[in-house]
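Take a look at this single chain in structure tokens; it is the form predicted on its own.
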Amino acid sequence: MFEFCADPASLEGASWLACYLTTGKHMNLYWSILTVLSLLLITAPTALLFGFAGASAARSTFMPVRWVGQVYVAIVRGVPDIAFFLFFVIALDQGFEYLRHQVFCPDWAEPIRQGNDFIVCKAAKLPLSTSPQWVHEVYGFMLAVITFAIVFGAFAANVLLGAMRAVPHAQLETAEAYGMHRRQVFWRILVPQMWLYALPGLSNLWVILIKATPLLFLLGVEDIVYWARELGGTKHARYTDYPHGDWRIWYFLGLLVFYLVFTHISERVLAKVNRRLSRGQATVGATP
């Protein structure tokens, strides 16, 4: 990046470090931070939508819908995150390719499942082998968002369901006594009130989501943990103009600081939101 970086062998001290930290590989590390932040910004509202749908279904008076909501929450919450991430992404990817295979290759005669192999026609591959690299990266990121949203949506559903049950039933009965039908009571009374009870649990879930972002590595997304391991190891250093020893401890120490600072900022922001929502309410977090 800098002109004096043309001859790395002649550098030392701060100049060497400045050139080392601005190599192309390190730029990938910095971009991966944006990848993690983008994942959080997209996944959080998506997971909240999954959670709201799951909680609404779990409290439905229609039994089949209620069962769907309860099964979704029970299964996803009961399966370890790592096992779910390893299995679901493969199943989701193969599901997309199977649907495309049925559309683009209806005359395919060979079986799709051949032992441990999943074989579809070239037109059904997703993404196509001829697609540019950015398409593969966007596709992998999309699978990561869907997986994270489904997993954390189940936890959000459990939090929101508890918050819905915490709203005083007398308020709902009063609304019905004033002539509101069930849908009006749900959207005008229950939903606005439940956020006050749900925010502490959702705040904890947000922190857990931040801590879970290193699981991106399991999904094939080159996140900050991947690049910290690659750049800090001696194997990578041997193939660059900036050789060094095993520096993984320093890279992972940087990750520790990043996650601690980000979590601290998040907690302060969420605490302010909680105090604002609690203002005038008869709760522990209420302010006069």
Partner chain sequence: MKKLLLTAALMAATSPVLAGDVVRMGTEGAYPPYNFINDKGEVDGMERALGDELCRRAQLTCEWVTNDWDSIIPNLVSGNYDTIIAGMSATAERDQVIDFSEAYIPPEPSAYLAMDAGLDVTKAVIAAQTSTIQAAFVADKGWTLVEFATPEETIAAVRNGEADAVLADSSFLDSHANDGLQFLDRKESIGGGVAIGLRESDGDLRAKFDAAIKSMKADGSLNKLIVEWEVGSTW
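Everything quoted here is computed from the prediction, not taken from an experiment. Numbering follows the first chain given and starts at 1.
Not on display, but discussed next: the form predicted in complex with its partner chain.
For the marked spot (Tyr72, Trp206 and Leu270), a heavy atom within 4.5 Å of its partner chain in the predicted bound form is absent from each of the three residues. Asn28 is the sole member of Ser60, Thr263, Thr46, Asn28 with a non-hydrogen atom within 4.5 Å of its partner chain in the predicted bound form.
Of the candidates Ala212, Met180, Leu218, Ile189, Leu218 is the one whose heavy atoms come within 4.5 Å of its partner chain in the predicted bound form; the others do not. With its partner chain omitted here, the record of contacts in the predicted bound form names 116-124 of 157-165, 98-106, 116-124, 197-205, defined by a heavy atom within 4.5 Å.
Looking at Ile90, you'd find a heavy atom of it within 4.5 angstroms of its partner chain in the predicted bound form. Within 4.5 Å of some heavy atom of its partner chain in the predicted bound form lies at least one heavy atom of Glu137.
Residue contact check for Gly254: none of its heavy atoms lie within 4.5 Å of its partner chain in the predicted bound form. With a 4.5 Å cutoff on heavy atoms, Gln94 counts as touching its partner chain in the predicted bound form.
Scanning 240-261 for heavy atoms within 4.5 Å of its partner chain in the predicted bound form gives Thr240, Asp241, Tyr242, Asp246, Arg248 in sequence order.
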